[in-house]
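Coming up is one lone chain in structure tokens, specifically the form predicted on its own.
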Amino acid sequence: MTDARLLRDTFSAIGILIDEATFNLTPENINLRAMDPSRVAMVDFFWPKTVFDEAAEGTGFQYECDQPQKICVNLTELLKLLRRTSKEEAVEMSLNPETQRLQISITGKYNRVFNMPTLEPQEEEVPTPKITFKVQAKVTAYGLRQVIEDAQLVSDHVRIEADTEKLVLNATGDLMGATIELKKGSDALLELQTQEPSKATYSLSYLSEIIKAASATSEIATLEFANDMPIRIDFQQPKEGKLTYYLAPRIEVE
């Protein structure tokens, strides 16, 4: 059992890349790693059982899984149910081993129980990308969302650059351009570590969707990138949980 809003926001953040999600369940954690259909972006999700324990403190419920198993659900349909919850409510989900249907119980101002079919789990194992990053920038999720929305006003892609003192986002469209600068130690850019100056260009449609959804789950995000390499965006989660995205760069032709 866990907080309805926490579950809803996290599953919404995963659902911006995939419709059908195969979760790996173990006695100690729940995790998922999957790529979007175009294989341009990847989401890596991990929650230890302590996330559920903390969210459900005082309710007598917790995360329980007797043995490792996989469960695949249609996130679009599941989110229709979770979006009917409020922040004061709690959600309990359980799998009927005989019918392989997922039962969703929502308790709060009034109680209701839904059930939905599960799907055939995906057997593909998606490996963690092996990338040597040259820049690491810790930013506020709110600040990151704002600068991406600014860049999206003028273009459909953004070049992210970093040196030892600042992070710069450049967006250029047919009619307008924008340069957004975050200086080291500012309210938005909390930390900046640069092994060497780097720059790379990314799709704003992907970035904006990821950041808008995932910022609801966290106040802090960490960006890592290198010259013309994928960007890694990690949204800080409770109890050593993980919600991380990888996005392939857009290769610009000179």
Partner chain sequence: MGVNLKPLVTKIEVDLPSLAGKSVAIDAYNSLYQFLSIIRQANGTPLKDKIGRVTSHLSGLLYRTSRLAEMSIRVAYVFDGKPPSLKNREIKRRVKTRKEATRKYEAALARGETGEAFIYAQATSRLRDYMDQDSKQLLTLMGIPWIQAPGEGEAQAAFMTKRGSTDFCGSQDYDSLLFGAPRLVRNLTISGRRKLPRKQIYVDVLPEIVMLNKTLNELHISHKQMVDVGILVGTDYNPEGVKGVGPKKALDLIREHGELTDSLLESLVGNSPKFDFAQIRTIFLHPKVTSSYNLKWSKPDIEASIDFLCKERDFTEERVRRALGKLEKGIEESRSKTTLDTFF
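Residue numbers count along the first chain shown, from 1. Not measured: the values here are computed from a predicted model.
Keep in mind that the form predicted in complex with its partner chain is missing from the display, and what follows is about it.
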Stretch in contact, per heavy atom within 4.5 angstroms of its partner chain in the predicted bound form, of 63-71, 185-193, 210-218, 223-231: 223-231
Residue 40: touches its partner chain in the predicted bound form, heavy atom cutoff 4.5 angstroms: yes
Contact flag, residue 173 vs its partner chain in the predicted bound form, heavy atom cut 4.5 Å: no
Residue 154: touches its partner chain in the predicted bound form, heavy atom cutoff 4.5 angstroms: no
Touches its partner chain in the predicted bound form: residue 4 (any heavy atom, 4.5 Å): no
In the predicted bound form: members of 112-126 within 4.5 Å of its partner chain, any heavy atom: 123, 126
